[in-house]
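Here you get one chain, nothing else, as structure tokens; it is the form predicted on its own.
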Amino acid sequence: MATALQLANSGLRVTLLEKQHYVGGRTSALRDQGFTFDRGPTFFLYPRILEEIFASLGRDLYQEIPMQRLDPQYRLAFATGGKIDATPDVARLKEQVAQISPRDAQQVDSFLRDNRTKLKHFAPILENEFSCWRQLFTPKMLSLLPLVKVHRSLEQDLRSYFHDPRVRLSFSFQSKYLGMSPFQCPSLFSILSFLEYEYGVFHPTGGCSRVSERMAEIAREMGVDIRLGEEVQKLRFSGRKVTGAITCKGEYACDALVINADFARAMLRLVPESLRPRWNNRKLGRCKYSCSTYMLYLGVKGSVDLPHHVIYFSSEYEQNLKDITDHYRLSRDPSFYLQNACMTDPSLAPPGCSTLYCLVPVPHLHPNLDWQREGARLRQVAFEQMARLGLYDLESRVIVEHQVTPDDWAAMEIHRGATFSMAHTLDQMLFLRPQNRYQDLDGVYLVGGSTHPGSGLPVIYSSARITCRALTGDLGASWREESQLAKV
């Protein structure tokens, strides 16, 4: 959607083909009996990228999409004891950390200061095209290696600041936004928790799905032709160039094609292997993929006395992560995330009711797990886990319930049900990730979590801007010159 807005603003004629009958993909709404749930992302972070995109359209993000900065940002509850109500007020944050570890509270300022420097230097890399290994060896990049500490995982990096493992978890669980374990995630991504404290965690009124919906409304006002319920079934090729997309309702010729679908699934389904030597079936099979998620969307009677966001950390957190990423099995005491959005936004439920969104990280599709059987078992575990937060009578209060398993994510065209796409390991980042200007085909561009810079809403919006910059340059597009419109 961000791509369509920017390309239309550059004077291109844009058609957007969407399989579903609603916009937004994973950042869409599930509505039932007056309850509204975000299907996927619920944390709206680092609004600067989208704010700048809206400004380029002559619009104000916060006027178009009212949103509230949360304080506390979230509650972190530890099965081993203690909790932290994470606040962007640094003095209060240090008080919260001191309740668990006075020694670690003294290191909060150092962590924030060092990551402020890290983000300042790496933001240009994450906001620009990175298409060649030679870019790694520029004097600028080499000078940044001491900051990035490529030999360390995120967990190892945080050990240099924090002694208590619960405090380290507080500043590393954000690796789950990438579908990764902090014990495997590169240390660069310490900037994720810094972003939350520096720039805030927001709730858009109506949910994150409202961001997608408002973008679609603006896109239509700008002339974008949004075709819902039209799955791309086939691509038309002339040699290495894609010349059209075919749906159940017809064929759309194009001068350029932008693919926002899950990369691996789109390649396997739409592009003959002979046309993708760099990303052939063998390579796609060897790639590392993120975890998946088990979801419960619950519309319940009454209010819920919990903050907007709550993350529960298992007593065996590291083992829980190994179960997910290494052993492909379900844990007895899984960590989970709970959103209680009506605490901030009562419009999401009928009067006297609340919406709850429960997410349990689980392995992506694997022969070890049969989700026809495991779904019902994990549902019971999820209710037992939520009882640990004091929701003892929750099941009896449920009015509306929807469950999503990795099988369901896979049915939504997500390869292996890996909700966060390809893993963000060092060998799948920067130029080693599928490129924004797709190398195997001519006139094809990628956006979304599968391409550079990676997953997470702010990063995905950044990918859209990188891709639009490349595409408009290749087509020689100029601003609002209708006589020179190309078809995208």
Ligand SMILES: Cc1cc2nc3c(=O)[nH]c(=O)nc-3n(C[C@H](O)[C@H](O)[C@H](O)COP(=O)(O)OP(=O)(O)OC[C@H]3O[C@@H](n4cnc5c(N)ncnc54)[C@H](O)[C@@H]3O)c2cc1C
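The numbering used is simple: start at 1 and walk along the sequence shown. All figures in this text were calculated on a predicted structure; none of them were measured in a lab.
FYI, the form predicted in complex with this ligand isn't displayed, but the following is about it.
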Looking at the partner-bound form in the predicted bound form, is Ser455 within 4.5 Å of this ligand by any heavy atom? yes
Just checking whether Glu198 would be counted as a contact of this ligand in the predicted bound form - the rule being heavy atoms within 4.5 angstroms. no
Residue-level question: is Phe336 within 4.5 Å of this ligand in the predicted bound form, judged on heavy atoms? no
Can you check whether Gln20 is within 4.5 Å of this ligand in the predicted bound form, heavy atom basis? yes
In the predicted bound form, segment of 182-190, 79-87, 287-295, 271-279 with a heavy atom within 4.5 Å of this ligand: 287-295
Which residue, Asp345, Glu374, Glu230, Asp408, has a heavy atom that falls within 4.5 Å of this ligand in the predicted bound form? Glu230
Since exactly one of Leu112, Cys254, Leu365, Leu359 fits, which has a heavy atom within 4.5 Å of this ligand in the predicted bound form? Leu359
Heavy atom within 4.5 Å of this ligand in the predicted bound form: which residues of 35-74 meet that condition, in order? Arg39, Gly40, Pro41, Thr42, Phe43
